[in-house]
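Below sits a lone chain in structure tokens, taken as the form predicted alone.
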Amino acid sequence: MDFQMASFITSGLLVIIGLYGVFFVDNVLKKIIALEFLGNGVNLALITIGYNGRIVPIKLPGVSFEVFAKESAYPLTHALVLTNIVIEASMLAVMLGVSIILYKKYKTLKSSVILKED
């Protein structure tokens, strides 16, 4: 099994675990962790698509531009993943803040109990 196939299988497992946690787990914190699994699975799939067995898309000294352009990995997916990591960090902070507020109000993090009380 080559590196890309193993990476695609890992990203698929992360996405499946994340989807299971989001839809079938009752705890809010576990749902947040499942969302992180889902996001990391998508990021890994994007990196794997852009990698394509080439060098890292960073211009190093001593490498001519023609060689760099010919042999570097596709940089758009790397830029998308970096943007997604920043957005995920912000969303994680907001979700954890909301979960703290929910726990203070309802004294539990079970989503079935929280949804019944409103």
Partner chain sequence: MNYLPMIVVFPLIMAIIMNLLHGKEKAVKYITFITAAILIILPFISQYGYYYFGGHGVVDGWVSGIAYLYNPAKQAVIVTLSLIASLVLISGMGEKLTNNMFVTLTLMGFASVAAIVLADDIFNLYVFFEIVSIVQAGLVFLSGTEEAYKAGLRYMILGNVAASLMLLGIAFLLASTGTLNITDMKNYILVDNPMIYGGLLLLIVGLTYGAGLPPFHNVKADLYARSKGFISAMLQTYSKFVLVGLMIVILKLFNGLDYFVSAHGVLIALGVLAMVFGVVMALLQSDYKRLLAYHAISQGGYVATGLALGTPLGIVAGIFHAINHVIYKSALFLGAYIVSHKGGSNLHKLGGLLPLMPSVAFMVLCAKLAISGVPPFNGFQSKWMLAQAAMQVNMPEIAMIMIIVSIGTFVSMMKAFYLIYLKPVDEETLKEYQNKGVPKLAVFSLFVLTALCVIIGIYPDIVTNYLWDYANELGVNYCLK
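Residue numbers count along the first chain shown, from 1. The shown structure was predicted, so the numbers you read here are calculated from the model rather than taken from an experiment.
One more form of this protein, predicted in complex with the partner chain, exists but is not displayed; see below.
- Residues Leu76, Met95 and Ile114 are all found to lie within 4.5 Å of the partner chain in the predicted complex, as judged by heavy atom distances.
- Under a 4.5 angstroms non-hydrogen atom cutoff, the partner chain in the predicted complex lacks Lys110 among its neighbouring residues.
- In the predicted complex, the partner chain lies farther than 4.5 Å from every heavy atom of Ser72.
- Of the heavy atoms in Leu19, some are within 4.5 Å of the partner chain in the predicted complex.
- By the criterion of a heavy atom within 4.5 Å, Leu80 is counted among the residues contacting the partner chain in the predicted complex.
- For the candidate set Leu60, Ile55, Val67, Met91, a heavy atom within 4.5 Å of the partner chain in the predicted complex is found for exactly one residue, namely Met91.
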